[in-house]
Ligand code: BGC
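Shown next as C-alpha cells: one chain only, the form predicted alone.
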Amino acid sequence: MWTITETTFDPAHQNHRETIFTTGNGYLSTRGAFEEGYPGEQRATFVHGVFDDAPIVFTELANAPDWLPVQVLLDGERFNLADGRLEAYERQLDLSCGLLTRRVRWSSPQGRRAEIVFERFASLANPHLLALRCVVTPDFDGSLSFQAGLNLFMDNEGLAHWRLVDQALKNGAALLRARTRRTGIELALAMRCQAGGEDLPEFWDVRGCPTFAVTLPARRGQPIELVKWVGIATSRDGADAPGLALAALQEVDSFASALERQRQAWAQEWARCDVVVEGDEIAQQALRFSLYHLLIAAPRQDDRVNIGAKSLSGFGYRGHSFWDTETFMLPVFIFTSPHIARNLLNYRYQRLAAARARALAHGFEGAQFPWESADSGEEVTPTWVPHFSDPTRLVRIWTGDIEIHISADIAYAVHLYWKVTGDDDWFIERGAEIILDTAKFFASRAEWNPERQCYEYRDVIGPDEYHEHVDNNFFTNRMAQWNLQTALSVLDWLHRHAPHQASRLIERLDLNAERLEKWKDVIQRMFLPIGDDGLIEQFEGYFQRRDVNLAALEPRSVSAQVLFGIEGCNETQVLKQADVLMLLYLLRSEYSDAILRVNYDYYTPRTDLTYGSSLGPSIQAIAACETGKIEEAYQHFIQAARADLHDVRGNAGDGIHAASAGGIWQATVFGFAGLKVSDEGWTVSPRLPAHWKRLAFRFYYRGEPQCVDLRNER
C-alpha cells in the first residue's frame, strides 16, 4: 500500500483532502489545493523558518507566494471543477516518491471535452526545486491555452504577510521577489515553463502575478504537455535568494529525469524508515502515510527549525512546535534518521538563551522552555483566544504560563538520542548542557511544603489539558525528578569522560556544591504518592472529582470538553489523555507490570480517546500491549491510524496531527514489536495482532543499521 487515492471529488471535504494530499521535501510543503483553484480552498505553501508577526498568536508561518497556478482554456473556456461537468476523477498520492497526480475528464459548459492530468512534486533531490506537469488530451478540434504563473497575494486566513520587492524576466525565467512585512525575510521564486518542448512565448508582467502564456492548436486525441519549473529560496538560505532560486532551474532538463532523481532520493529515505506489515492493508497504509508526512516536514539541511504540531501541512497552531516534537516525532528520527533528530535537537540547544530568559522572567533559575515555540524560542502561546462555541467570548489560555513539563520532555529526548545513537561528541558539546540547565530550572521551581516535608509543583497543567491549575500532577513531578536524577548522572559521566567540559559547564551554570545538594534533596523528597494497590492519582484531588461514564455518552461526535464546557470538564475525572500511562511508558523500566496494569484499567475508561487528544490512542496502544491486551491495543492503534485519513476529529483540514503520526510508529515498534534499548543492546518482545502475518522494520543503534523481521506464529 504505497498510495492514497480518492475517486470522487466532494467539495464539502476539500480542506481535509488538501491536508491529506500535501507534498513536501523537508524544506517546504504545499497543501493539496488544485492548480486552477476552487472556491473555499485553503491554498498554502509553508517554508520552514519563514515566520512573520501576527496578532494574538505572536508569530506564524507565512503562507508563501503561490507557485501552483495553471489555467487551462479549451477554445477560450476556462477549466474549473466548479463549472461544466465532471465525468471522471481520480487523485492519487504516491507515498513512495511524493508524486501527486490528478486525472479528470471534464466537459465545458459549451460541451468541449478533454482529459486533463496534473502531476507535481517538491524535489527531495534539490529542496529548492518544484516541478509541475499538465497534460491535456482534447476530445475536440480547436485551440488550447495555458496560463502558468506565480501569485504574490496569498494570506493566512485574511492576514497578508508579503510585500512585493521586485519582479522581472531574467534569462528566460520569471523572477518574483517578496519580503515579509515585519520580520523582513526575503523569498524569491523563479519560474520557467515549456509546452511541446518550447518555452512559452508570452510573458505577462502583471504586478505580483508574473505569468507565461501560450495558445496552441488542439487536435482530437493528441495530448499537449505543459511543464512548469519553479525555483525557491529565502534569505535564510543565503544572501542571494534570487540567485539560489534561478540556480535551481539550471539543473533541470526534463520532467522524467527530475522525477527519476526524486524516486531515487525517496528510495533512500524509505530504505531507512519503512515499516512492513503483512496481513493488514489498513495498518500498512496508515504507517506509510504517517511516515511520509513526518519525512516531508523533517529538516535535513537546517538545524534552526523544528516541526510544528501540524507539520507544514496547514494553518493549525500557526507552525508552532510543542512537546509533540520531542515526545512523539523525535523518536522516529532518533531510530531511523539520526541526522534529522540531531537537527531538531540543535534547534532547542540554539534557543537555550531564550529558555534561560524565560525562567528568569518568572523568577526561576536554569532553562524553562516555552510551551509553544517558533523562530526565536520565546513563548508564543496566545494568552486569550475566542471561545470554541461562542466567538464573542474570550478564553484564557494557561498552557504557556504553567504547563512546565515540556522542559523535562526535551531533556528526555536529548538523553534518548544519546542512549540510542551513542553520539558522545554532540552530547558533550550540546546535549548535556540542556539536561543540566533544565534540571536547574526544576530545582528552582520546586516548592517546599513544610507540613508534608516534601517538594511539590503547584498550579500546573499536565499533558491532560482538560484539567488546569492542578497541584502535584504526577507526570510533572516525576519527570522533574527524573530530570534532576539524570542531570546528576550526566555530570558524573562528564567528570569521567569529558572533565574539561564538566568544569566548563559547572562554571557556566554555577553548579556549586550547595546547588547540587539541593538537587539531591529535591529528588529525595519529591511528592510522589502511589496507592497500596499501585494506583497513581493523576494529580492531587483527582479522585475526588466527579466520575463520568463516558461509554454512556455514546454515540457522540464532540469532545467531553465541548459536552461539559471548559469549567465543567475540569471538575470531572474525564481525561484528554492519560498522564499516568504516558509517564509509565516513558519510564517503563522503573515501574512494575502490576502498577501498569492497575493504572491502565483505571484510566482507560476515563480517557476521551476518540475526541480528546490525538496524542492519546497510540500511547494507550503501547500500554495495552504491555498488559497483554493485544486486540485492545490494536483498536487503540487503529483509532490513531484513522485520525487524519478519516478525519475522526473533524479538524484534519487544519493540518496533519504530526504527533499522532509519530505515535503510530511508536505503537508499532515499541508496542507490537516490543523493541527496547539499553546500554547493553536491544531486544524485542513481539506481541503481534492475530491477523498480522509479518512485521519488519529497520533502525539504527549506536550508528549501525539493525533489522527486525517478525513472523506471527499464532
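From 1 onward, residues are counted along the sequence shown. Treat the numbers as computed from the prediction; the structure is a model and nothing was measured.
From this point on, the text means the form predicted together with ligand BGC, which you will not see here.
Student: Do K576 and ligand BGC share at least one heavy atom pair within 4.5 Å in the model of the complex?
Tutor: Because a heavy atom of K576 falls inside 4.5 Å of ligand BGC in the model of the complex, the answer is yes.
Student: How about W323: is it within 4.5 Å of ligand BGC in the model of the complex, going by heavy atoms?
Tutor: Yes, W323 sits close enough to ligand BGC in the model of the complex that at least one of its heavy atoms falls within 4.5 Å.
Student: Counting only non-hydrogen atoms and a 4.5 angstroms cut-off, does Y317 reach ligand BGC in the model of the complex?
Tutor: Contact check for Y317: yes, within 4.5 Å of ligand BGC in the model of the complex.
Student: Taking heavy atoms only, is W371 within 4.5 angstroms of ligand BGC in the model of the complex?
Tutor: Yes.
Student: So which stretch, 221-229, 610-618, 295-303, 487-495, is the one near ligand BGC in the model of the complex (non-hydrogen atoms, 4.5 Å)?
Tutor: Contact-bearing stretch, as computed: 610-618.
Student: By the heavy atom within 4.5 Å rule, which residue out of E465, E433, D237, E456 makes contact with ligand BGC in the model of the complex?
Tutor: Of the listed residues, the single hit is E465.
Student: Pick from A643, A355, A174, A309: which has a non-hydrogen atom within 4.5 Å of ligand BGC in the model of the complex?
Tutor: Contact check passes for A309.
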